[in-house]
Ligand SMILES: O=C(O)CCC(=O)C(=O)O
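Below, in structure tokens: the form predicted alone, a single chain.
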Amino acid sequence: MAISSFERTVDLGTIVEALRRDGAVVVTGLAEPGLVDTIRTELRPHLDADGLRTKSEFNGSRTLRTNSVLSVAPSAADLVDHDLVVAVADAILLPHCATYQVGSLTAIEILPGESEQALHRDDSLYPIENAGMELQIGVMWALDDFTAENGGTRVVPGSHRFLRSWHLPGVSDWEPAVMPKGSALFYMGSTWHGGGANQSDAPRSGLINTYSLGWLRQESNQYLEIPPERAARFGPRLRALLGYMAHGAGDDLIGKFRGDCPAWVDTPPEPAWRDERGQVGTAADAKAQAGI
């Protein structure tokens, strides 16, 4: 089964339908070439300096990685906070939470000669299995053209319907995510996937971020990777996505104000964005509820 691919002009419902059906979908032309080039330039020194620090059998020995992406490549904020990406995440995650958050954000560059990464599920860190509930989704941004030869992400279409098991399911029927620079591969957290072997003579760069249900712990602590003083420079929606917002409202609020230490940075997310996710009220309202 091939991975469905659509242009950015397609309606949201078509994208979400394909993602729910197949567990993965490609949307082309989401990021302008100039923005992609800027992000690559910002990432370059950090990938070169410590990109092999996380090398392992799973991560690969010829794959450069860097985290804390928004600290070193602030232009990537336009990808993480992209309107279409947020709309897709809304459709998949909001039925199961009041709000969701960035789980992890990693830049990955697969160098020539790297072998295939083991196929895996991103949501395996959460020991939960509820039929019909996705714990997270992933978005792989193509900072280069992705091809079958240069390590384009391998995806097993339909594998989001596999039940968890202690043995490796049949994942041999995979497809490479072939897409031009500036495209994005959306995939469910339960979809089996992995980096491909780079058999070309040039590196293949991508930026991957996950969005997880708001009541789950983030895979990578965004408060440490992007501290409040830096997060305060971002817009309210992005701050909320990074986790600088309580989950729920009223008596159901998770992450309430405690003492004089707020759960979010000084300026809370815009009420309009919060209200859509059940985050009704303002920072003053939350303080009043907490008796501050």
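What you are looking at is a predicted structure, and each value in this text was computed from that prediction instead of being measured. Position 1 is the first residue in the sequence shown; the rest follow in order.
Omitted from view is the form predicted together with the named molecule, to which the following refers.
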item: The named molecule in the predicted bound form: contacting segment from 73 to 81, 108 to 116, 90 to 98, 167 to 175, heavy atom within 4.5 Å; value: 108 to 116
item: Contact residue in the predicted bound form, chosen from Val85, Leu143, Leu213, Ile208 - any heavy atom within 4.5 Å of the named molecule; value: Ile208
item: Listed residue (Arg65, Arg40, His247, Arg239) with a non-hydrogen atom within 4.5 angstroms of the named molecule in the predicted bound form; value: Arg65
item: Phe58, His120 and Thr153 all contacting the named molecule in the predicted bound form, non-hydrogen atom within 4.5 Å; value: yes
item: Partner contact for Gly158 in the predicted bound form: the named molecule, 4.5 angstroms, heavy atom; value: no
item: In the predicted bound form, Pro180 touching the named molecule (heavy atom, 4.5 Å); value: no
item: Interface membership of Pro203, the named molecule in the predicted bound form, 4.5 Å heavy atom rule; value: no
item: Distance check, Gly189 to the named molecule in the predicted bound form, heavy atom within 4.5 Å; value: no
item: Heavy atom contacts to the named molecule in the predicted bound form at 4.5 Å, residues of 191 to 208 in sequence order; value: His193, Gly194, Gly195, Arg204, Ile208
